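Here's a solo chain for you in structure tokens, the form predicted alone.
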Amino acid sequence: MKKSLLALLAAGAMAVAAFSATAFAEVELPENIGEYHLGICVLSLDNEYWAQEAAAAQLAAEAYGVPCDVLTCNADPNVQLQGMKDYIAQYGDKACFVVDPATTANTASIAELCEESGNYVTILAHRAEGLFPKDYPHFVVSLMLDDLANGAKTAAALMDAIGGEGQVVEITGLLGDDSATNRHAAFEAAKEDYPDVEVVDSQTASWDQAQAMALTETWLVNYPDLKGIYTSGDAMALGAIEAMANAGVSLPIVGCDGTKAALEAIQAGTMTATILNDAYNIAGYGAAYAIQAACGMLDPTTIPDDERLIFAGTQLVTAENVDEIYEGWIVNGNPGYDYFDLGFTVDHYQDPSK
């Protein structure tokens, strides 16, 4: 066995230690761990969040001493599957994967491919209905984000910011998208706790900043008593903020994702809150699960079935904590997570009946 003692991260990264493991333990690694290869499958590197997922998985691979490669597919599920097949052809049973799937439906094909080839995989953010790791020994864990819980947090932050009363509008994401549907449902449910809040309109902007800007321009004219804006995504929130700035108006507004621009808007006081979906958590630990399974440090079949369905931790970002988060996640590009502590990623578990 090869002994590896992780060095403490740079002081700047440790400034956000409140959000991460505070110490790294001495870990025994297999002598041949450098023979394994991690395929990091993301849709592209043009999107800030997907680029952070790739960076997070690279950090985890580096911690274990495992070579890695980023495989992009431009959101094409067939290209994604072929890229994985090519990687398996190159590295055989020493290949393992962490995958943000091109589509929800593609998760079943990914699980089936890896089961047939005998390669371990962690699947992020999406899971087809009825697809369970317990049915696929090489499907290590499903790591997802709880959009219902996250939407509820930002909705409550908005409604509290307007004093629990007044008119609000909602900008939703792409119709039919799982995240958009769940964040809208969370908003509707949260509204029940605020009977004096009136939702005067709800429209989709399909995650698009320009569409959200146009909607907000119209609403500011049609609803002069408007008190706040709920959005399902940061890009749409930023579009609404631009419209408000052009109109000389400032209203409480929330988003979701935790993008650099959204964090800067919170720092500037033009945005109330967002959710940090934390790619460094979900993708970094997703990579760690796959690596440990591939090299024999972890047997996924010994994990209770329900505990292979994980909701990864996220954070509500407000003016109170934005500076620390910006420093660790944006400036340093490394929040200081201990990728050997697999339990750290678990916030709670998914519903095993779905």
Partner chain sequence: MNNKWEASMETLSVGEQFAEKVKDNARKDRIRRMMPIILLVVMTAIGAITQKNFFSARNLVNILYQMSIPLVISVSLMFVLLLGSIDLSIEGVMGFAGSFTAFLVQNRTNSNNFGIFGIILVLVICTCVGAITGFIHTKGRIASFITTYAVGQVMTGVAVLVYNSTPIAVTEPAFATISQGRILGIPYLTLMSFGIFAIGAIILNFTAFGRAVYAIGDNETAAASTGINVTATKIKVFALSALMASAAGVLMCIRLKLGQSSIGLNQMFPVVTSIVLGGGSLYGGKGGALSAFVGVLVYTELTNWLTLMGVDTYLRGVIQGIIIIVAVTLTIERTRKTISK
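Note that the coordinates shown come from a computational prediction; the quantities given were computed from them, not determined experimentally. Numbering follows the first chain given and starts at 1.
Below: the form predicted in complex with its partner chain, not depicted.
- Proximity to its partner chain in the model of the complex, defined as a heavy atom within 4.5 Å, singles out one entry of 250, 90, 78, 202, which is 202.
- This chain appears without its partner; in the model of the complex, the one residue of 159, 238, 145, 169 with a heavy atom within 4.5 Å of its partner chain is 238.
- Mapping the unseen interface onto this chain, residue 209 counts among the residues with a heavy atom inside 4.5 Å of its partner chain in the model of the complex.
- In the model of the complex, none of the heavy atoms of residue 324 sits within 4.5 Å of a heavy atom of its partner chain.
- At a distance threshold of 4.5 angstroms between non-hydrogen atoms, residue 46 is in contact with its partner chain in the model of the complex.
- Under a 4.5 angstroms non-hydrogen atom cutoff, its partner chain in the model of the complex lacks residue 82 among its neighbouring residues.
- No residue of the trio 104, 186 and 189 has any heavy atom within 4.5 Å of its partner chain in the model of the complex.
- Checking 114-122, 217-225, 145-153, 132-140 against its partner chain in the model of the complex, the stretch whose residues place heavy atoms within 4.5 Å of it is 217-225.
- Shown without its partner, the chain has no residue in segment 104-130 with a non-hydrogen atom within 4.5 angstroms of its partner chain in the model of the complex.
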